[in-house]
Structures are given as structure tokens and as C-alpha cells.
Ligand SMILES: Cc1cc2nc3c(=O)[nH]c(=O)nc-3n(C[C@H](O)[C@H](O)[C@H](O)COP(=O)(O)OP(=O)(O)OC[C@H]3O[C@@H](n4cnc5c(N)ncnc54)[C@H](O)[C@@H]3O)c2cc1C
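As C-alpha cells, one chain now follows by itself in the form predicted alone.
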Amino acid sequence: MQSTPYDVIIIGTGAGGGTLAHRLAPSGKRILLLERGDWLPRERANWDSAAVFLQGRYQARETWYDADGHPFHPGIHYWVGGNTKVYGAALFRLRPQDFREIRHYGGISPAWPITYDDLEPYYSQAEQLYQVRGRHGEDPTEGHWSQQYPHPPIRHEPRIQQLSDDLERLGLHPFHAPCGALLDQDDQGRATPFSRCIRCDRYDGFPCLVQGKSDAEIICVRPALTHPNVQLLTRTRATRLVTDGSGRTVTRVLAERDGQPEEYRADIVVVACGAINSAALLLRSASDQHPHGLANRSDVVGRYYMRHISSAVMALSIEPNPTQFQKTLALNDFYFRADDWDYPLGNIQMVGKSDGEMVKGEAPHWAGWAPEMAFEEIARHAVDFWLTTEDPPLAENRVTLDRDGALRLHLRDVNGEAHRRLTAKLQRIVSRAGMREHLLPRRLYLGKLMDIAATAHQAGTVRFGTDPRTSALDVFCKAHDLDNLYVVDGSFFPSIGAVNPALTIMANALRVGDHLLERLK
């Protein structure tokens, strides 16, 4: 049992928890990080497509259940650095309009209690911290910015530059996708055969063997641990938060470390387990003072789960595509509307390059279409895209716990028509840009059209707001019902936009960090 009190306990070391630890570390306050996973091993399998994508070597060995009780294995990863250890480091800002109410075909995304202007300084700080490579000013849908990216964008390789030129000729506005990468480049921003990251095609969705990715472990957790006041416990799963008799203060964090019970105490407790597991932890912490779960007087904890409607597709280029680092281009021309549709469609961006092993893993889905084509030959001509459509928040899309503690995820898509239209837009574009009309669904570790097991972009289950009747957290992500409980992962999102949520989680963690530094004084 552990009785030493800390100033702050942070549960989780991913985009939210890791970034917050980095912000608080220089304060000298006693900070304890709890991580249920371990350090991800650096091994040759980090870059093995079959091990990573087909066998799920680094994926958590967990079973969750859907609303009907059917089991599934979630695409979730428990390591120091959280899901950022395998993310593609696509670090987009939300658009200013994303902070306002937006009407979608499938529902309404509510306004945030803060504005883009409130978060903009922290977006800039997060981009500097995570060494994002890009060029503000290229995307006509982006908001204002106070600092240019710290590094120029990774230059398109020839086939992707050709695609960008083709899109411009079609009257569209492609731009360099912002990417967090610790890559050596020449003075033109081109990824070189670098000393640190020599296999750029093993970046998106892979752990980085040479630590060339801007993930939360490398950027935040390791530097935080250089401060003597910061301690990390791995293989330590928080199981329950206990309050005092008033129900207003969390006094103990109960946990299991290597299967043995532990408890920890701190003046401030921050939950950053990921939107699904953070909600589950709060629900497991029900008590006489909080019969429906901790911080859940509003009955929103676990509700309004969002995870984007996304799909990975490949177009077959007429000429080969020898690109290694493909994740350099994005398109937001259909983010808010299209010429034939008054509702938002979403974001188009490149995704990591296919290889023969990935294609082989999906062969049963395509055998009737092109059985004569070898898997490596398909991959050689593949140009791969990631499509993202906003998932409007629904109260019935939620996390619940069964009597035996099993996690159940309720999910219903209501904006699929917008995503189908976005896919059709891409198909028309690529057919006019020197590629075959066929768009082949690609599984990756997130799914073709992402199914319920796709949890990489989870958000919304402990939303923040100004009204305690309709939100669980205040504008600084402190629980309305408790004096010392904060949540800093994607749980706080009232809506999710149509771009990867990681940078917004990081920026908000820095914002909450400044608030906590003032409080800790």
C-alpha cells in the first residue's frame, strides 16, 4: 500500500496526461504518473506489417461488448505514451467553426464553451512542443495562427506532388498535412535517408523503432521524468476513485500494480485514460454520495461517445507509386459543404503506404475483383487515403458497465450519408487524376469503414460546459461536482470535428496545465 501524498496524480500518459505532466514538471510539485501499460519495446517487430496490422502485436488483449452483448477486441494500446505510440502524428487544428454549433445531415454538433481564440495560443504551443511540420496559410479553411509551424512541411515525394498538382488543376486546394516527426530533412523540407528515421514507410500506425515520431512518450514523458519531483509507475491500473465523506474531494486512487492492490493520495487527481476508459473509471467509482458514478450528477458520464466515421481506401495509380513517406497531403474542400450538398462532408488526407502484407490481409475482400494481380503489385500501384466525417454526439452512444464490470460500448452511426458522399467525391477526383476508378477498402488496424472496434479517435464521454445539468466538467475540465478532479483526454469534447483530435487534446492539456499551475501556487 502507498500512503505518501502527492500534489498531483495523473492517470494515463498519452496525448492528454503526458502533455500535462510535461507542463507541470518544472513546477517542483510532487507529481505521480500512473500508467497501466509498460514501455513499448524497441524491437524489429515494430516495423513488421504482419505483426503490427494483422496480428495486433501491440494492441491491448481486451474484450469489450457491443450494445447487443457481442464481443469485440478494441483497437486500443496501453503503453507509456498511450495511443500516440502508434498514431500517425497527424496534428491538425479544429477549424474555428468547429467550436460553434454546426448542423449535419445526421444531427447537430453543439457549440463549445470556449472559442477557437481561447485555444489558439495553446495550439501554437502544442505545435512547437510536438515539433509539427507544416505550413500555415495553405489551407483556406484554417483559422488564424499566432506562430508558424516550427519546421517546414515534409516535401511531397514525386507521385504525391503530381497528385497535388492534379488536384490544383481541378480547382481544389490541397495542402501539406501537419505531421509531428523527428525526421532529418534537407533545407528544402524533403525527408532524406535520415540517420534517425530510415524507414518512413513504417510510420503511420507503427511504433517507431528509431523514435522518429513525435509521440507523448518521447516529447513529454521522458523529459518530465528528468525532474526529480516526477515519478512514473508502469503496469499500474487505476480501478476506483474514492472521495471523502462529503463527496466533494477525491482522497484516494485505488489501483492494481502487477495485480497487487495499491492506493495513492494527492491534492489533485487528473484522469487521462482515454475517453472510454476515463468514463469507465468514473462509473466504477460510484458511491453513496455519487450513486450513478463519480462526477455524474448530470448523467452525461459515458454518454455522447464519438469516434469519427472514417475509412481507409486505396486508389490504383496507372503508374507505380514508389512513395515511402506518403502522409504529406490533405484536402478540406468538402469539410463544411460541397457544391451539391449543404451539409459538411469531412476531411481527406493521405495515410501510410500500403505494402504486400497489408494487401494480402485483405485479399478475401477483393478476390473477385482482381484475382490475377499479385499482392505486391497491387501495393506497388496503390495510393492510399484516409477519409474522416464528423460523428455528431448522441446521448445513446455511450459507455456502460455490466454487473460483472465488463465494458459495453453502444454505438449508432447517423451521418453515414455524408461519408458516402465524401467517398464519392474522392472517387471522382482520383479518376480525373490518373488513377483507376476503383477505390478498394483497406483494413489497417482501424478497419475499412471503421467499425465499433475502432477507438483511435475516441472523445466526448465526460463533456465540459458551463451548465452542471448538461455537462460533467467546467471550462477548465474540473468536475462540477468535485473540488479536485480533472479530466484532460478527449473525454471533454462536446463535438469532434472532422480531423484527428490529438492536437486539440494536447493544446487543451497545456491550457489546463496553466490553470493548475496557478492553483498549485
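Please read all numbers here as calculations on a predicted model, not as lab measurements. One rule holds for the numbers: they count along the sequence shown, beginning at 1.
FYI, the form predicted in complex with the named molecule isn't displayed, but the following is about it.
Trainee: Please tell me whether the candidate spot formed by L129, I268 and F476 is one where all three residues come within 4.5 Å of the named molecule in the model of the complex (heavy atoms).
Mentor: No residue of the spot touches the named molecule in the model of the complex.
Trainee: Quick check on this chain: which one of H419, R202, K327, R95 has a heavy atom within 4.5 Å of the named molecule in the model of the complex?
Mentor: Partner contact (heavy atom, 4.5 Å) among the options: K327.
Trainee: Considering non-hydrogen atoms and a 4.5 Å limit, which listed residue (F334, Y305, Y264, Y78) is close to the named molecule in the model of the complex?
Mentor: Going through each option in turn, the one that passes is Y78.
Trainee: Do G88 and the named molecule come within 4.5 Å of each other in the model of the complex, heavy atoms counted?
Mentor: Flag for G88 set to yes.
Trainee: Would N508 sit within 4.5 Å of the named molecule in the model of the complex, counting heavy atoms only?
Mentor: Contact with the named molecule, no.
Trainee: Please tell me whether any heavy atom belonging to V301 falls inside 4.5 Å of a heavy atom of the named molecule, as the geometry stands in the model of the complex.
Mentor: Outside the cut-off, so no.
Trainee: Does the named molecule come within 4.5 Å of any heavy atom of R408 in the model of the complex?
Mentor: Heavy-atom contact with the named molecule at 4.5 Å: absent for R408.
Trainee: Can you pick the stretch from 29 to 37, 43 to 51, 465 to 473, 65 to 73 whose heavy atoms fall within 4.5 Å of the named molecule in the model of the complex?
Mentor: It is the stretch 29 to 37.
Trainee: Going through 483 to 514, which residues have a heavy atom within 4.5 Å of the named molecule in the model of the complex? Please give them in sequence order.
Mentor: If the 4.5 Å heavy-atom criterion is applied to the named molecule in the model of the complex, 483 to 514 yields D489, G490, N500, P501, A502, L503, I505.
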